[in-house]
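Okay, here we've got a single chain as structure tokens, the form predicted alone, with questions on binding and movement later.
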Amino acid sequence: MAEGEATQERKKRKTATEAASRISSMVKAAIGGTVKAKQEGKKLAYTFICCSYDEIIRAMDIVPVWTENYAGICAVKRDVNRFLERAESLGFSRSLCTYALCGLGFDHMREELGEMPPNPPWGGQARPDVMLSSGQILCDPRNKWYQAAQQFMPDVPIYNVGLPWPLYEDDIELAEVTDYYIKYIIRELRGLVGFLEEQMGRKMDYDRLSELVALSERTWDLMWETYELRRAVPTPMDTGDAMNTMVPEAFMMGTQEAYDFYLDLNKELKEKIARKEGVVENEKYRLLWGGGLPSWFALTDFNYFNSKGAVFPVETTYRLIEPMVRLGIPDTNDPIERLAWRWFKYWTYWYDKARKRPGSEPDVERLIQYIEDYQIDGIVMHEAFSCRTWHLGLIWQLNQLKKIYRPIPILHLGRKMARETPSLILESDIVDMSSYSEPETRSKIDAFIETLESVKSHQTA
């Protein structure tokens, strides 16, 4: 058992908002809903977060099963090791994405038993009718995970949607390649529709798809507006809660429930701001969660930051970039084209800004924007050892930030460098608890807080 695990098991992360406290029951109902849907004969699809075609799945009356989400739930419930060990017994290395390993281990157990593994977290992960991969360049498991799962579910067909993550090149004008990317993405999405129509034996209802796309975009704008309320001092909500309140955006787009959730959260945050009620009673340090997925089994670390007077009014993880109107999507009545433009504009929004600052790049520009907008005192990032494609380059981003914006010191492996706006890199994993030490993590946080205090003292002296 990892250090601090027994203690952590007895603790539950305290939320700052009532909305965040509701997420657990919403996710539990959603996971249980997939199991019930399977029992009722409805069609299920394995799929990935931020796949860009949520609305296509829902418009075809297919129930999405979010496999990454279930792995995260297993981690939160501290019931992940048996699934990781099962995947290892099949020859998969523990150094691979532990989301994928958890899912593969669970699926193999379920298929071997012919039923759910004993006492599965929140009812278990239901068997799919189709598996929808999403080749997004940045994440190898999105291509290979379901292919591996097909070894023990050979009757479940796979469709890989080759959505690109347009690469940033400072010597290539985005306008020169936009037409190519849009045509390619549209072709991939239409291919998905054709596959689902063939598998389900029914045609796409494009009017319904248009309605769902429009509802998602209204939800998108409402979430962005709501999160912008967190600029207030003191901030009414921080990243600890945002790692919960992202659920409707990540797993429920195209549903009225997601829109209504952000209506409630918007109202709650405005009320907190009116009362000048912050995450902590005495807000001392405003931090940016600058990159990386969290350790889902150690979300109480955010409470530990809060106990030191530190809050996270903004994060790059699971955050929508800008409202739809700022993305500059051309007018089109075709929902497939709309989805294609939305995907492309989301991933390229910061490209033009990066080109205007020598030595910059899109992710660094985003950090700079948030530092300025949210009055940030320091940056925290998390490197998950098994999630290399998403976490690769975080240290490089901090180094570039130091060169082109302002000195950013790195507190890494116990070494302190420079002063001014400090940064901290935490190291662990997304679901593998054996990678985590609570005492070591808290010690790093303590040292980081001391650095923040020192910088503050020098700034006010």
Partner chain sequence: MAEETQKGLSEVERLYRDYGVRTRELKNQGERIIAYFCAFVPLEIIAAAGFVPLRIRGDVNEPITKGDVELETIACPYVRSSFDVALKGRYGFCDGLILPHSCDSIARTYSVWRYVLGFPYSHFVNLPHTANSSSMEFFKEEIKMFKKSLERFAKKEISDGDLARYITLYNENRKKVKALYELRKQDPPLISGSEMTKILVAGLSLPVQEANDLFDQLLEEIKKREATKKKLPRVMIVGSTVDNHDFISLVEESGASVVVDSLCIGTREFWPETQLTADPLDGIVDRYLGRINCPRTYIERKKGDTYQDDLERRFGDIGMFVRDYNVDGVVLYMYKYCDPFGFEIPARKAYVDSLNVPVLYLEDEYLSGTTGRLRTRIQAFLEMIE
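Numbering follows the first chain given and starts at 1. On a predicted model such as this, the values are computed, not experimentally measured, just so you know.
The same protein also exists as the form predicted in complex with the partner chain; that form is not shown, yet it is the one meant from here on.
Mapping the unseen interface onto this chain, A148 counts among the residues with a heavy atom inside 4.5 Å of the partner chain in the predicted bound form.
Mapping the unseen interface onto this chain, W341 falls outside it, with no heavy atom inside 4.5 Å of the partner chain in the predicted bound form. Contact check for L90: a heavy atom falls within 4.5 Å of the partner chain in the predicted bound form. In the predicted bound form, the partner chain lies farther than 4.5 Å from every heavy atom of S210.
The stretch in contact with the partner chain in the predicted bound form, judged by heavy atoms within 4.5 Å, is 387-395, chosen from 331-339, 212-220, 266-274, 387-395. Only one of G72, G292, P248, P166 lies close to the partner chain in the predicted bound form, with a heavy atom inside 4.5 Å, and it is P166. Here is the short version: of M324, M200, I158, M116, the single residue with a heavy atom within 4.5 Å of the partner chain in the predicted bound form is I158. Using a 4.5 angstroms heavy atom cutoff to the partner chain in the predicted bound form, all of C97, K144 and Q400 count as contacting. Contacts to the partner chain in the predicted bound form (heavy atom within 4.5 Å) from stretch 176-190: E176, V177, Y180, Y181, K183, Y184, R187, E188.
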